[in-house]
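Here we start with a single chain on its own, the form predicted alone, put down as structure tokens.
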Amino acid sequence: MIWETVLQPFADFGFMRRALLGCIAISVGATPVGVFLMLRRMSLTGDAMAHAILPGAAVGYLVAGLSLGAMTVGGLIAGMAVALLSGLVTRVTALREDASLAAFYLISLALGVLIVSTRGSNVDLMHVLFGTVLALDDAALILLCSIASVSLLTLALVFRPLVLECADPQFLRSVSTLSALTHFVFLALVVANLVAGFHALGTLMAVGIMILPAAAARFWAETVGGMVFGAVVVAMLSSVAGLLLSYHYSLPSGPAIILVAGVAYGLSLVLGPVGGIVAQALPRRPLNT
């Protein structure tokens, strides 16, 4: 029973194994970035950046078709452009960063959908918006694993200033010159991992694998390291369960993975020992005097 339900799809079909490897790479690379997005109260920023990469990917599609390299470069350029432009607008005008980012992401989303729908087919539009995790080829897997490796190495290098910036950004600015550099390196990691997620899950689903496991892990761990580990585990389990649901019930794989992650978040919200609903409702034991 376990073999037929859980193991056989991955043992018998190469596309399932490639999809699983791609999802694991995204889970390892993107989910820790999502933890820091959550801690920095930038979760919606991740969603905005996911939509911001769409016009660049669409232009890459127009130039070279469904080319991995062209769409990746286009998405990276568009994402970083939106991040830098929104920061510039915030510094030279009275508009707050969340409002400027929302404006740019809405423009980017509309422009990207317009480009793809005007010059492509409905199939191409669905590919861009929802991804094709079951159609990952070797080149896509190399890209996803490379981005995950670079993300982990970069996070290891900037881990301490990132944690400090989450806890007290004003203090980091006062004692170190790394604050601005850390911020822009982190934004680059967000864009790179959203581009990686875009190839597998599409622009509409890519941010889900970042934020939902991170939000779920928040209810199971108190330390940053614990949250990162818990988020990666939740993302991996969600990927496996979502792919199996897609295989057995002919569901779209990307939304299935994100919905499983959403269920994990809901269960964590209720049952998590660190601030979950049940834990908050239980009477606290008095301290021994």
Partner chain sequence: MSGALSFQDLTLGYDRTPAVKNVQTEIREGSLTAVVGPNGAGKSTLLKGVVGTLTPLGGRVLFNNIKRDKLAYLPQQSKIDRSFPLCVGDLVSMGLWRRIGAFGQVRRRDRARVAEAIAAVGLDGFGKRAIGSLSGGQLQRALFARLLVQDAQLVLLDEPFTAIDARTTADLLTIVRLWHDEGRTVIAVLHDHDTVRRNFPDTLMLARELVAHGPTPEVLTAENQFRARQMCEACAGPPHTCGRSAA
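Everything numeric in this text was worked out from a predicted model, so none of it was measured. Positions refer to the first chain, counted from 1.
Here the subject shifts to the form predicted together with the partner chain, a form of this protein not shown in this document.
Checked against the partner chain in the predicted complex, the residues 77, 102, 113, 166 give one hit for a heavy atom within 4.5 Å, which is 166. Contact between residue 218 and the partner chain in the predicted complex is found at the 4.5 Å heavy atom cutoff.
Taking non-hydrogen atoms only, residue 178 approaches the partner chain to within 4.5 angstroms in the predicted complex. Among residues of the shown chain, residue 157 is one whose heavy atoms approach the partner chain to within 4.5 Å in the predicted complex. Put simply, residue 39 is close to the partner chain in the predicted complex: some heavy atom of it is within 4.5 Å.
Stretch 222 to 230 is the answer when you ask which of 254 to 262, 25 to 33, 222 to 230, 47 to 55 has residues with heavy atoms within 4.5 Å of the partner chain in the predicted complex.
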